[in-house]
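Only one chain is given next, in structure tokens, and it is the form predicted alone.
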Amino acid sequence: MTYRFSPEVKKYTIKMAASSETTLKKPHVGKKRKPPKRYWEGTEEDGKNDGKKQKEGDNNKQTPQQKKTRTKEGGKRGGTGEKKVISGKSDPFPGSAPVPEEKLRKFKRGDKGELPPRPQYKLRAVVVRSEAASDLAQKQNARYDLMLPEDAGFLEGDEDEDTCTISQDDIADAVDITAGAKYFNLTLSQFGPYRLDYSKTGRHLLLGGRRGHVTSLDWQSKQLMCEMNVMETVNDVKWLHSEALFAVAQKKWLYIYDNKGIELHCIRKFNDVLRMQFLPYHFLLATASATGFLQYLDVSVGKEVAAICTKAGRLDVMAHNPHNAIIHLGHSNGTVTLWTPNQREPLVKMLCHQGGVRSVAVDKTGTYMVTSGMDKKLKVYDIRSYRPLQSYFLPAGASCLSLSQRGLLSAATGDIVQVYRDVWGTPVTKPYMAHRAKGSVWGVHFCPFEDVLGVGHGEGFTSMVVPGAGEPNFDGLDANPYRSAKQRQEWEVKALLEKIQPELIGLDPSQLSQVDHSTWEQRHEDRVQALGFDPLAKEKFTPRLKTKGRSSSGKVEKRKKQVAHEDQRDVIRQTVEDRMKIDKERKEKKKKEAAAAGQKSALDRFRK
């Protein structure tokens, strides 16, 4: 019987087979099956067939000339020369699918270096294998990137409509309920203005009021983790490596609290702290104080790594480069300095503004730096060449700056927050979005992996929805917003084992993979001076003792001179080549001078 589905009736109908088709060819009831044959059981028919096959094989024997022609026709040796067949048809797209060049450039791990010379075949093989593994990882990452589920959002207005005129209420009404819930206001007018900070995963929010109010919460579910009043001025707040610990810069000293609000440490070495930055891969908390000191605290062991006197007065402008962990400080004389915990002097000193610097921000790739100053200018610099790319004039200047993961820039002027797109590309004439807060803005910060901008002002806190601000896909092994307590503990142990030492912080992180030849030569000279001889020098030739009068003093000296001359041949050949090269250059120079002297000029008529 066969099944057929008729869409008109939308029922299953069964068509019975014809009576002529139901007749059986042979009865099978009562028929005995033969046992299967074993490989050692042969019959006469098999022997005959084997003999036929042997005769056919003798007839099909080919000459070496025929074999050569066949291999040429078939292509490569051992290949059949036929195309791959899938379900009876040839595959129109053989091989693996090509990877787009943009995706490959996104996951590129740097340029390939030169291979070692042929004699170092072991090192050469290791380098080749490592480069092959790096290429494979790059291709796999590019292929997996195609399967990521989320895309970056954007805001697009109607015809003749500017996106900066769209209010947050309109956006919250237009989007779905989950995205609309990300726009909210917290009215905290009693203890403002507020500083804020988001955790690395973007899940938790930390607020610190100027008049001592400190609170931490899961802003997505609106669950309060802790809330307290420290009863003194709060200058800044900062999450540490996870949402379990946070630091508060109070009026006198630096305090460390857990997520329940319990005071764990009071660090009195860090006094009068105004701004803080945390380096997640180094477990370093960098602080800038009113006394002009830049201090580093290793939170994994609780020790002070470095205390640097910048000799630049009060330090209330601070930012850090996520690419190379360099600290950027803004000063009242219009300069921006770059610091590491390894040196007592700034690595770079840039004159950015004619007045004092008000705010500094660095993008996540470490390529661009945005500064705002008292001269009411907003400037964009390329950190690789330390040159300005764009300069914008703001009527009232920008007091707070923040850069998102997708390159959006937020600038706060009084109680107005403006968001710009692609400020380091083409010159921007109007903002992407704008919002008026309830009070004067004291801090802005983009939330990681979310299209959200947090604004701390005099009347509390505002969470803005900014489409296209956050990275749509997160790395679950590095910053997972949905991790459990057990996963957080395992991640913390792994991060501690992979902690980068502060001595490795520098302007160019790629230098860590290169060999420092000058340092090696200095170490070798120190070793030679300590030992009194060169352990890497070539040993002198000592002739082997021969019998029958062949080891007389004359013959031994003759052999020594012969070996010495062989060692000196390369040096002599190189010196001769250099001398010939110099002579050749000298002759060419003389020819050019003679040719130039032989040319007549218009002034030759005045010569006596």
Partner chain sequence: MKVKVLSRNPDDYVRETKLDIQRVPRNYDPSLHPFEVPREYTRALNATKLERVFSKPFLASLDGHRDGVNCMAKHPKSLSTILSGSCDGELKVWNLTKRECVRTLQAHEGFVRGMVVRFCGTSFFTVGDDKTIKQWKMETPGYGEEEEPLNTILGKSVFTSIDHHQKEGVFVTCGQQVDIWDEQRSSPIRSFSWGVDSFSCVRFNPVETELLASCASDRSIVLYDMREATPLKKVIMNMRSNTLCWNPMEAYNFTCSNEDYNLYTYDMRYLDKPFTVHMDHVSAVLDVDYSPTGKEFVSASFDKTIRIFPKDSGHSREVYHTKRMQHVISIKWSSDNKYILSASDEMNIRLWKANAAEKLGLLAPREKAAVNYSQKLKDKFQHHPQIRRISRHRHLPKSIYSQSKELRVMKEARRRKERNVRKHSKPGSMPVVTEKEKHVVTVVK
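Positions refer to the first chain, counted from 1. For clarity, a rigid core is taken as the largest C-alpha set superposing within 1.5 Å between two forms. Here the structure is a predicted model, which means the values were calculated and not measured.
The protein also exists as the form predicted in complex with the partner chain; that form is not presented, and the subsequent description refers to it.
Item to complete: Look at the stretches 394-402, 248-256, 290-298, 357-365 and give the one with heavy atoms within 4.5 Å of the partner chain in the predicted bound form.
Response: Comparing against the partner chain in the predicted bound form, the contact stretch is 357-365.
Item to complete: Have a look at 345, 170, 304, 525 for me and say which one sits with a heavy atom within 4.5 Å of the partner chain in the predicted bound form.
Response: Looking at 345, 170, 304, 525 one by one, just 170 meets the 4.5 Å heavy-atom criterion.
Discussion item. By the heavy atom within 4.5 Å rule, which residue out of 520, 184, 154, 386 makes contact with the partner chain in the predicted bound form?
Written reply: Residue within 4.5 Å of the partner: 154.
Worksheet item: Even though the partner chain is not shown here, does residue 236 get within 4.5 Å of it in the predicted bound form, heavy atoms only?
Response: The answer is no: residue 236 has no heavy atom within 4.5 Å of the partner chain.
Practice prompt. Verify the contact flag for residue 325: yes if a non-hydrogen atom of it lies within 4.5 Å of a non-hydrogen atom of the partner chain in the predicted bound form, no if not.
Written response: Judged by the heavy-atom cut-off of 4.5 Å, residue 325 is in contact with the partner chain in the predicted bound form.
Worksheet item: Counting only non-hydrogen atoms and a 4.5 angstroms cut-off, does residue 149 reach the partner chain in the predicted bound form?
Response: Residue 149 belongs to the contact set for the partner chain.
Worksheet item: Might residue 333 be said to contact the partner chain in the predicted bound form, defining contact as any heavy atom within 4.5 Å?
Response: Contact with the partner chain, no.
Worksheet item: Using a 4.5 Å cut-off on heavy atoms, which residues of 193-215 contact the partner chain in the predicted bound form?
Response: Not one residue comes within 4.5 Å of the partner.
Discussion item. Following rigid core alignment, is the displacement of the residue 121 C-alpha between the shown form and the other one equal to or greater than 2 angstroms?
Written reply: Comparing forms between the shown form and the other one, the residue 121 CA shifts at least 2 Å.
Item to complete: Using a rigid core alignment, state whether the CA of residue 189 is displaced by 2 Å or more between the shown form and the other one.
Response: False for residue 189: its C-alpha shift is below 2 Å.
Worksheet item: Rigid core fitted, is the C-alpha displacement of residue 130 between the shown form and the other one 2 Å or more?
Response: Shift of 2 Å or more: yes.
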